[in-house]
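Before any questions on how it binds or moves, here is one chain, the form predicted alone, in C-alpha cells.
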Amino acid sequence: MANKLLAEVPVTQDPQQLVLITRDAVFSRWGALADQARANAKGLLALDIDAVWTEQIETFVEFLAAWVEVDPARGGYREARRRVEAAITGRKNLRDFPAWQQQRLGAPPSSLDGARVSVLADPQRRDVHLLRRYRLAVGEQLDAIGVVKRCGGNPDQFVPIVNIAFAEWLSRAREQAPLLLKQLLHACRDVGIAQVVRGDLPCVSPLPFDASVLIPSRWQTVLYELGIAADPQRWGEQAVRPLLNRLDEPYPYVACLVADGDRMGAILDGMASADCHRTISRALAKFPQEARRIVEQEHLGSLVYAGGDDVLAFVPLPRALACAQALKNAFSSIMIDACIGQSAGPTLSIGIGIGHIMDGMGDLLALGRRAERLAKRDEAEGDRGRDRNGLGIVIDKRSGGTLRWRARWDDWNENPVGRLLNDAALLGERLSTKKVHEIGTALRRFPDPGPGLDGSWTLVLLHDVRRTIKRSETGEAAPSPPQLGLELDEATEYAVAHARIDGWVRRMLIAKVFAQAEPKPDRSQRVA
C-alpha cells in the first residue's frame, strides 16, 4: 500500500476537510487492525497494559498533509508540487519527539528494537498454544506494534527464510528424489512440523513445512519449540537423512534483494502537468505487479515489498542474479514508454546482500541495503560518472569475512550477470579457486599504488599473474586471461593494473559463492 498520496482537487473542494476525512480513515483502519491483533494475542499479553497499549498504538502512525494552490502565474503544477513537497519536508524536519507518558515499571523493552516497553506477560504466564502458534521464542518481548505485526494475521502465511533459501534445492529434490521428498513431507505432517500455508508461492510447494528440518543441527530445536515429544535425532535420521544422503546438503545462504529507481526525483520534478505525472505514476504502478511475478513465480522468492520503483525481496541464491536481471529489464521496458520526451529514462540499481540463514532478519535486510548503496555508487571508484544504474553484491560469509563487488548494467557488454555466471562455470571446470587465492595473496605482497612506482612494477605484477594462471594443475590447457575476463595490458599504469587484478580477484570470489550455491546433481548419477 502506498504511504504517500498526491491529489489534484477542484477549487470547490475544501482541502482541509478532505485531509481530515482521509486522516480519520487511516487511523480507523489502523485501530481496527490493532484491536484484532490484541484479541488474537490475548493469552500472551500482560494484564496492566491498557494505557501503554493505547499510547503505543495511537502514536505509531504519523500523518502529515499540506496543500497549495496551482497557480499558472506562479509556475503552474511544477512549482505547486515543489512548494507542497517543501512544506511536507519542513514539517518532517520539525517532527515532535514527545516522551512516553505510559510505562510498565520493571517491564523489559521490545526485543526487536528496544524503543518501546513490552506488553507481553511474564514468560511463565504466556499461553503455550499461542506461543507455538505465533512462534515466539522463550523470553522474547514485543511491544504493541510488534504484537500487531506478529499476531495480526495467520502466522502460517509467513514463509520462513530457510524455505526461500532452500527453494531451488527442494525444486531439484522434487525432480531427482520425488519418493524421498514425499516420505519427508508425510513425516513432517505426522509429527506436527509447522506448516507454511502459502499455496500461491512456488517456493513453498515442494515442502509446505518449516524447511529448518533439512538442517540436522536444528532437529532438536525445531521439535522442542513445537512441543513435539518424538526423539529429534531418531526422527531426523529416519525422515530427513535419506534425502540428504541422496543430494548434497543445501547451501545455507540466502539473498536479500533491494532495488530502487535512479533519479526518479529529478524526473518527477520535471513534470509540467498533473497529466504527465499521472502517466509516470501509472507506469510505476505496473512495476510492482511485474516485480511480484518475477520474484515469486519465476525465481522462487518471496516479495516483502514492492511499491513504485522500490523492491525488497528474499530469493534463493542460485536464482538471485537472474532475478535481478529480470527486474532490471522489466523496469526499463515499463518506464521507457512513460518517459518519452525525457533526455534519459530512469534506470534501476539493484543490491544483492547475501547472508547466512541463521542471521537475523534485520541483519539480512541491512546487508541488502548495504548492497543497494553499493549498486548506486562505489565510494572506491570516486566521482567518475559511474554512479547509479548498478548491480551491487555484498556477501557476509561466516568464515571468510565480507566480499563486495559492483558493476554497472552497461558493463561487460551490458551483461554483468552473464559475466558472473560465466566466472562461476569457469571455477567449476577450468580454474581452481586455489589459483584465485594465490593471485590475491601475491597481490598483497606487491606495494600499494603510489608515487614513485613506475611501469616496471606493472611488468613484474602481470608476469606473476600470467605465470600463476598458466600453470596447469589438471594437464589440460589453462584458460587465457581474456577468457577469464582479466585484462592484463603492459602499457597501463601500475595503479590501474593493481586495481584491475584486485577487482578480478573479488569478482571471482563472489562467483565462487554462486557456484557453491548451485544444487549438485543426484549422487547416484554422479557415481554412474
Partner chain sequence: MTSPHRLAMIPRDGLFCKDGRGWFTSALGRGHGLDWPFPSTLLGALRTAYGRVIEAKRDRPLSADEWLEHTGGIGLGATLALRRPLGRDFSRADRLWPVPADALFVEGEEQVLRLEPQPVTVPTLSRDDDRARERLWRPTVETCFKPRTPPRWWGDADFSAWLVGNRVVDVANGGQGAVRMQSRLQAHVGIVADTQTAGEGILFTHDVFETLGADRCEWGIGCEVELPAGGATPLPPVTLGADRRPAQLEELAPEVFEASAVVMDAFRAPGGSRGLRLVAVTPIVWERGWLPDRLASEDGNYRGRLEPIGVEVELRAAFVPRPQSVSGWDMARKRPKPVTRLVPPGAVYFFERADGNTFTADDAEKLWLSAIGCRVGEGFGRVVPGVWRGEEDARR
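Positions refer to the first chain, counted from 1. The structure presented is a predicted model; accordingly, all values stated were derived computationally and were not measured.
Although not depicted, the form predicted together with its partner chain is the subject of the following passage.
- Site annotation in the predicted bound form: the residue of 172, 328, 133, 116 reaching within 4.5 Å of its partner chain with a heavy atom is 116.
- Interface residue among 286, 91, 419, 189 relative to its partner chain in the predicted bound form, by the heavy atom within 4.5 Å criterion: 91.
- Using a 4.5 angstroms limit between non-hydrogen atoms, residue 101 touches its partner chain in the predicted bound form.
- Shown alone here, residue 83 lies within 4.5 Å of its partner chain in the predicted bound form, counting heavy atoms only.
- Its partner chain is not shown here, and in the predicted bound form it never comes within 4.5 Å of any heavy atom of residue 129.
- Although the partner is absent here, residue 51 sits far enough away that none of its heavy atoms falls within 4.5 Å of its partner chain in the predicted bound form.
- Site residues 123, 293 and 412 are none of them in contact with its partner chain in the predicted bound form, judged by any heavy atom within 4.5 Å.
- Considering its partner chain in the predicted bound form, the lone stretch of 485-493, 58-66, 37-45, 460-468 in range is 58-66 [heavy atom distance within 4.5 Å].
- Counting a residue when any of its non-hydrogen atoms is within 4.5 Å of its partner chain in the predicted bound form, the hits in 19-33 run 19, 20, 23, 27.
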